[in-house]
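Next comes just one chain, in structure tokens: the form predicted on its own.
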Amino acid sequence: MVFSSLTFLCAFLPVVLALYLICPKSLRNLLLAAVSLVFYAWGEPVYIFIMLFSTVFDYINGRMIEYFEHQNKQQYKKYFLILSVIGNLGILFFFKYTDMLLSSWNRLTDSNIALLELALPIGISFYTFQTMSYTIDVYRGIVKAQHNIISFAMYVCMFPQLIAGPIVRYQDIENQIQDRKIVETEWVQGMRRFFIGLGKKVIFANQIGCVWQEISGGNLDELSVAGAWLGAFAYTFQIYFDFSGYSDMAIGLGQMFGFSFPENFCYPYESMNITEFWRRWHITLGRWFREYVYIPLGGNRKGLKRQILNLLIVWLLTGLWHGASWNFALWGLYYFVLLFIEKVFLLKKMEQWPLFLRHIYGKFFIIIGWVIFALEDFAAIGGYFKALFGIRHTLVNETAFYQWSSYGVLMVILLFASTRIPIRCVRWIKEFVMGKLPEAIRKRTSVIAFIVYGFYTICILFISLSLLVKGSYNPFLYFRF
């Protein structure tokens, strides 16, 4: 079940919200844990036991770390931290990377070892990082161990951010787990945020995703330069609106249940360099690797050579975290090289560049990176790059001309939608409407906000539901990560 499905929108979510609102506060954690397990088990009932194991495993590890801290037995405390890290990474490695390594070994050695062909448990990359951060933070003394296993299970299994984040550390919501209130204004804002995310996913990501599917699934030898760049632009917009839309829906749902989840995107395509891009894209993942890998390795405190090694480790892990295919490792190395060059040579010099040149530089390398990310086969990546740069490919053909004329307007809309311009337009409309109303009504700003925001929210919901009922293309990219 995904958020952009009719089952979730028309059945699961209304029922869960109704139950949550009438449920006594003392039982809300139990309710959220129960419905989250139903949500998770909807598509993969067998793998619910992995999540339950991870929950109990790290609940016990947290309690034991706390116990030996009180006993002042630091060595035993460290043992349980190591056990937690090895256990969590072992489960993740087994389900996510075993077949990748076996198939690579078969190709290298001409062996014929049978693959396990295990389905990847939904959300395992996200909840594994969340439970690991919990035990690490208990070990560091940043948070207290959770003594109520129901509350801890609710944290691990919470369906709003289970499938694709944002990665919510225990410390982010520690105080909200036992003491949270449903405030009417927050609930309304959460609902609006959810529907904005739904619109990003269904109206934008799904529609432009069809373009990428059409271009990348065709014969790359017949692809023109113009067609290749259209496909690269299409995937660049698809992955942004798909993932940021899901994050918006997750954050909105969290608000409706009384939680405040961390932001995961901050208009990343407005970035003027790669360093800035990674401060704005998948913010919670970057923060996780910085706090739990990069800084413990020494960060930039041990000289340039050690910093370069630490960056290399972090970006290899970041690439592989996204998927069990070597193109993700290549993607991680690609960003390691770019960030290394920026940090050592370019960042200060770039301050002297014209703004438009900085924007072109940033967008060019981001788009190239998404091509590596999207195509798992190295031959396909090579073939696509040949088309992008016109190596034995025509500049434009009839197919590309038709595609650009058909989707050019959509591209322009997506370009503006990926910036702050729509928000500024809505604020301008709100101010314009207020200027036209009588003074008595103008003072009631909440009414004006309700009219303006309510109108476009209803429009988004209506269009999204119409497309879903129609049965339009509706994948979810981060399911495979």
Partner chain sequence: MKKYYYIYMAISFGILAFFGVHSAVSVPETYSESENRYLEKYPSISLPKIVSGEFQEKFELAFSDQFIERDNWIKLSTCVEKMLGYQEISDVYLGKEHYYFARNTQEMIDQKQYSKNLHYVEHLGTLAAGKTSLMLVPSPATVLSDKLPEHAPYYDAADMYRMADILLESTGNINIRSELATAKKEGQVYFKTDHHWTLRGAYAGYCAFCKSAQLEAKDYAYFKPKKVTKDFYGTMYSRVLDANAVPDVMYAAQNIPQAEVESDGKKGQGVYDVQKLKQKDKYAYFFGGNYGEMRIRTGKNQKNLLLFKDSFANSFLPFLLEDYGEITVIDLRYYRNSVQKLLQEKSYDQILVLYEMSNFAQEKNLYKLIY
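This is a predicted model, so every value here is computed, not measured. Positions refer to the first chain, counted from 1.
Keep in mind the form predicted in complex with its partner chain is missing from the figure; the text below concerns it.
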Would residue 57 count as a contact of its partner chain in the model of the complex, using a 4.5 angstroms cut-off between non-hydrogen atoms? no
Does residue 342 make contact with its partner chain in the model of the complex, using a 4.5 Å heavy atom cut-off? no
Verify the contact flag for residue 45: yes if a non-hydrogen atom of it lies within 4.5 Å of a non-hydrogen atom of its partner chain in the model of the complex, no if not. yes
Is residue 18 a contact residue for its partner chain in the model of the complex, using a 4.5 Å heavy atom cut-off? yes
The unique member of 413, 50, 64, 30 whose heavy atoms fall within 4.5 Å of its partner chain in the model of the complex: 413
Its partner chain isn't shown here, but in the model of the complex which of 112, 72, 405, 352 has a heavy atom within 4.5 Å of it? 405
Tell me, please, which stretch of 354-362, 170-178, 188-196, 89-97 lies within 4.5 angstroms of its partner chain in the model of the complex when heavy atoms are compared? 188-196
Heavy atom contacts to its partner chain in the model of the complex at 4.5 Å, residues of 1-32 in sequence order: 1, 5, 6, 7, 9, 10, 11, 13, 14, 17, 18
